[in-house]
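In the block that follows, a single chain appears as structure tokens, in the form predicted on its own.
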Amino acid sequence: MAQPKAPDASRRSERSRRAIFDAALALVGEVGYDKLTIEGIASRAGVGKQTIYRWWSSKAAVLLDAFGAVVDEYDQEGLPDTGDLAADLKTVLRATADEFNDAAWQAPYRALAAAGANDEELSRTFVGRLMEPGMRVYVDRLRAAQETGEVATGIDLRIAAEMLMSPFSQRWLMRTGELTHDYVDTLVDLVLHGLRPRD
């Protein structure tokens, strides 16, 4: 008689992690960062508190890893490179605008950004874990465009990437205007106008 297979601990752990991430992101959107607790996350995820503390030291660490999981997937894929820099940037920024306008994404991200404004350590971790990987993929795409002559040589590619991302983030965080496809298209066109080689 065949022996029953032992449960796959790694699969169970991954399911638990996913449930914890989903619970943390949902709850922070519902109650805000200040009222978010490890107990609440554990209850929503259907796991024990000790399971969370085994992997993370704080609610901030849970949230950062939850967002980081999304960023990691994005970072691995990189930005599209069809040979048309403007089209590629517009495609990605349109999708990003749609994501940032989605309440399921917007509420937890805003809560974490607001908490970071009053917590220097959290802010540094937030930038390093979430913003820097995203910025790197833009720098990489601009570098590829520079190599094909779409972007002028001698351009500081980090600052060029910030010229795209900072107005986008400012508009969203401060609610100075709507994040629309027309807005991101105009933003891309204006930035690339300054980056293109001069005859």
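Counting begins at 1, following the sequence as shown. Take the two forms, superpose them, and find the largest set of C-alpha atoms that agree within 1.5 Å; that set is the rigid core. In this text, all values refer to a predicted model and were calculated from it rather than measured experimentally.
Quick note: we don't show the form predicted together with another copy of the chain, though the next part is all about it.
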(message) Is A95 part of the interface with another copy of the chain in the model of the complex - any heavy atom within 4.5 Å?
(response) no
(request) Report yes if any heavy atom of T82 sits within 4.5 Å of a heavy atom of another copy of the chain in the model of the complex; otherwise report no. (result) no
(message) My question is simply whether Y183 lines the interface with another copy of the chain in the model of the complex - judged by any non-hydrogen atom within 4.5 Å.
(response) yes
(message) Quick check on A111: any heavy atom within 4.5 Å of another copy of the chain in the model of the complex?
(response) yes
(message) For a quick check, can you give me the residues of 122 to 144 that have a heavy atom within 4.5 Å of another copy of the chain in the model of the complex?
(response) S123, R124, F126, V127, M131
(message) Once the core is aligned, does K49 move its Cα by at least 2 Å between the shown form and the other one?
(response) yes
(message) For a quick test of reading the superposition: does A60 move by 2 Å or more at the CA between the shown form and the other one, rigid core aligned?
(response) yes
